[in-house]
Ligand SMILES: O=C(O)CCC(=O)C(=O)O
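As structure tokens, one chain now follows by itself in the form predicted on its own.
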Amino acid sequence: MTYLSSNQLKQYRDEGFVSPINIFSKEKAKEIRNEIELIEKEMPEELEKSGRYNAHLISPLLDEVTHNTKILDAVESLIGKDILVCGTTLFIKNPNEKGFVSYHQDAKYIGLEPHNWVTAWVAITDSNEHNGCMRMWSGSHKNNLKEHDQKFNEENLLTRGQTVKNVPTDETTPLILTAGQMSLHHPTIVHGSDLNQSDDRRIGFVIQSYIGTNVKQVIGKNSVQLARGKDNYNFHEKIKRTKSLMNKENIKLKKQENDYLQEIFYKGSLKKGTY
């Protein structure tokens, strides 16, 4: 069992995140990267733009990460023993591209209430200040949701380019991870990330989110997988885990789930971005 320690629980309560947490080896991370890049090679558009969501539905190795016991133990420490998987995202920053993530709060547009959920950010490659790791505004999770400007700026990897104003970036904490480590962060913490200035890709696989079974989707529809425990609420449709790489039925399922997500992310917006 790899439940969070009392120090880690205190860090999460006080700061809104806990990092780093060891999950698997660098060798395993390389194997996962290879599978991601095989999908990109065989199906060039499948993981691009809004296709980056729910890649665990077509990749057995990403499915394995999503249901990893060490991750679920840590998540259970925060949200309880009944855990659902409510979507995943690949955040890939290629070298020499200008992709960044503006400072935002996950809970702003995602529609999951109450906030008994957590985001796991798993490093498939090393993630550091040079290649654009996440940065957290420590303690910002204790306040209400903030106003976000919708910038729709081209290099922004977020749907609407949603941006919190006046973030003291000099005071933010970089979450430095080696491949195979992860961080966990609270739904309302303000966070973002800078450009990749290295000569290699920076790949993060994000389970967004692990939700308690008491959590509803209030602005749309999500299907979920039962990761641990029991679901006595049945607020969401259940979907099965993938058995094989790039399975046609799973590709269709991924598209269905991503269409649901687009409706959630752009609810109330007059404009639509590329993600």
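The structure presented is a predicted model; accordingly, all values stated were derived computationally and were not measured. Start at 1 and count along the sequence shown; that's the residue number.
Here the subject shifts to the form predicted together with this ligand, a form of this protein not shown in this document.
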| item | value |
| --- | --- |
| Triple contact flag 106, 134 and 206 to this ligand in the model of the complex, non-hydrogen atom at 4.5 angstroms | yes |
| Interface stretch in the model of the complex with this ligand - options 140-148, 186-194, 78-86, 167-175, non-hydrogen atom within 4.5 Å | 186-194 |
| Partner proximity in the model of the complex: residue 101 to this ligand, non-hydrogen atom cutoff 4.5 Å | yes |
| Heavy atom of residue 116 within 4.5 Å of this ligand in the model of the complex | no |
| Interface residues of 83-101 toward this ligand, as seen in the model of the complex [heavy atoms, 4.5 Å] | 91, 93, 101 |
